[in-house]
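Okay, so here's just one chain, in structure tokens, the form predicted alone.
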């Protein structure tokens, strides 16, 4: 256990339940955790998204990947500090730490508000750009937070059970069986990065499907969303230590990611994540400090 690993808190998941969910992910590539989000957090997230969509005049981006009737926002941590509560949530982060490692990174935070008339995305795996032969250990873990009910009709995530064990990425025209990851508001869907999935089609007339994606990757990988430029030094200095580490302001294994021998956190003056590269290998009076 590293100093950054989250501790189970009052009201968080029991160990036996956590292990059962991990077994489900190993078997089918995903699991659904109902009642994972506290009611007050659910309300705060919903209100924050509604306010930001209005303030930023968020509109559909008009392509198949991002949607023709879907409002998307990226890099949420820099948009409102309410979102800072998500990546380290005690019912979610331990899955990323277990499936990746304790020094995993936050790859991205995205809001996906799927509107009526939206078509389904194409099936994909989130670590599909990794040029390592499948099946493989996960390089990414995605958590999808249901802020409204997810139903088959309003665009619940489509997912192909067991596809994390397939030996290839989805192929154009390939026919596969998928299921709709239906879940009530307050649930979280945890997905192995190799599992095929996509946003579903919203065939309703009025029902918007609001979800948040909090995505993690291996600590040595490049993050999908650039945390260094989307966050200000002031924000990093005021972040909780674990969150700043997830964003990449510490050093991976004490070495990777330094700037002239210092962690990005030290570079921007964030004392709690200030590290010196190769610290464990430095000597004092000729004796290695870690010996």
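Positions refer to the first chain, counted from 1. Every value quoted in this text rests on a predicted model; they were computed, and no experiment measured them.
Another form, the form predicted in complex with a small molecule, is not on view; read the next lines as being about it.
**Q** Can you tell me which of 85 to 93, 99 to 107, 167 to 175, 118 to 126 lies within 4.5 Å of the small molecule in the predicted complex, counting heavy atoms only?
**A** Within 4.5 Å of the partner lies stretch 118 to 126.
**Q** Though only this chain appears here, would residue 160 touch the small molecule in the predicted complex if you measure heavy atom gaps against 4.5 Å?
**A** Flag for residue 160 set to no.
**Q** With the partner left out here, check for me: in the predicted complex, does some heavy atom of residue 141 sit within 4.5 Å of the small molecule?
**A** Residue-level check for residue 141: no, no contact with the small molecule.
**Q** Is there any non-hydrogen atom of residue 209 lying within 4.5 Å of the small molecule in the predicted complex?
**A** Result yes; residue 209 sits at the interface with the small molecule in the predicted complex.
**Q** Please determine whether residue 134 contacts the small molecule in the predicted complex, using a 4.5 Å cut-off between heavy atoms.
**A** Contact check for residue 134: no, nothing within 4.5 Å of the small molecule in the predicted complex.
**Q** Could you check which residue among 198, 201, 73, 130 gets a heavy atom within 4.5 Å of the small molecule in the predicted complex?
**A** Here the answer is residue option 198.
**Q** Could you spot which one of 146, 217, 112, 214 gets a heavy atom to within 4.5 Å of the small molecule in the predicted complex?
**A** Contact with the small molecule in the predicted complex is made by 112 alone.
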